[in-house]
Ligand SMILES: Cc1cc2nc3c(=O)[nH]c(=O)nc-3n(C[C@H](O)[C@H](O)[C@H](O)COP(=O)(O)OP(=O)(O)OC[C@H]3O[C@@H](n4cnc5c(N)ncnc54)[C@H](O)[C@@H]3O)c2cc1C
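Okay, so here's just one chain, in structure tokens, the form predicted on its own.
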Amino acid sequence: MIDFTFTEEQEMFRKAAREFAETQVAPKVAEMETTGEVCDEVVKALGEAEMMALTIPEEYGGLGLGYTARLIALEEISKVSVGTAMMLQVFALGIEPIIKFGTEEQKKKYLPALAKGERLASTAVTEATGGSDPTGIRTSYRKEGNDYILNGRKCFITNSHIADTITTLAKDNENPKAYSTFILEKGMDGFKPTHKEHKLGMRGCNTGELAFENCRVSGENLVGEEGKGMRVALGAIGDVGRGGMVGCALGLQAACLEASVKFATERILYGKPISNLQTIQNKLAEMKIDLEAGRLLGYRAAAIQDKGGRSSNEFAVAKYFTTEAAQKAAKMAVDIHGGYGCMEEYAVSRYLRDSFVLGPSAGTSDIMKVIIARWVLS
């Protein structure tokens, strides 16, 4: 028998996550949209609510609740602010290499403070020459004694200017087919955030560039084996990055549906609510179908993870479906709102902008299809 219901504990957690989003995040959304900056009060609240401790094992100060709980949290927070959920999702992506491949010393050094939200995390893989194809990165390292010297630049890095701990992928100067992953810390000599991006959507989520100029990294900060860092980085993206985007997309879809139902039942046309019109009902039905289908795909993949399995392929399917469906839902929500949908005082205009940022994150829709096709052909 397959059980598609949440446990009592998971339902309680969903309610707590929803209450957190509505009370701690919602009041700051307008400010983040205006400034384009992450709100420090929201970050502090996330730490105090232990939202950053979800996937960190209990022995290192975390909650050890797993990936289904993380998906629940991201969906609920995304209903209010996709940008905030994105910040939290990339935080989890940044710590996953330490959780899965870190030494005992690295886990004890970094995870307790990260679990409390005292430190923020990110990951740095993407470059102008290597995103969808990570083998195209140019950031390189050379070994010097027990240290590594990094040189290069990263782009489109979420949490770029606010992260304290960044897991970074680089390639060997002498062997361009060998890649390693390192833990970098804010303030290291030769490492600094540079340009800040101004995105179409997710304005309350910091994105920017990182520069490495003869950045010296201790050998103690190497994650996993030297030369095998691609497995470390891509494993996190496949299992955690795509899963996080599914949570963000589901929350956005749910927000679009809720806003559309409310507007359609209150907007009067020809003396009746527009919800009486079949064309409006068709849009609402499509949004609901896509949302429920996406939830089945996403939570199934998370359940596989929680049972110790790999679900990168399943998450590729869920990521493609939900991010495409989120754009579709946002477009229909704006259509339902008519002229009001083009006004910034209505949240659906923000949902539309945010939906376009979901697609390229953690792998474009076209790349997801490549991954899915390889899975089918294998």
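Position 1 is the first residue in the sequence shown; the rest follow in order. Note that this is a predicted model, so its numbers are computed, not measured.
Unshown form predicted in complex with the ligand; subsequent notes refer to it.
Though the ligand is absent from this view, in the predicted bound form it lies within 4.5 Å of a heavy atom of just one residue from 214, 278, 175, 132, which is 132.
Checking 236, 301, 71, 90 for any heavy atom within 4.5 Å of the ligand in the predicted bound form turns up a single hit: 90. The ligand is not drawn, but in the predicted bound form it has no heavy atom within 4.5 Å of residue 260. Not displayed here, the ligand is approached by residue 357 to within 4.5 Å at the level of heavy atoms in the predicted bound form. At a distance threshold of 4.5 angstroms between non-hydrogen atoms, residue 199 is in contact with the ligand in the predicted bound form. Looking at residue 181, you'd find every heavy atom of it more than 4.5 angstroms from the ligand in the predicted bound form. Note that among 182 to 190, 278 to 286, 149 to 157, 227 to 235, the stretch whose heavy atoms approach the ligand to within 4.5 Å in the predicted bound form is 149 to 157.
Of all the residues from 356 to 378, those having a non-hydrogen atom no more than 4.5 Å from the ligand in the predicted bound form are 357, 360, 361, 362, 363, 364, 366, 367, 370.
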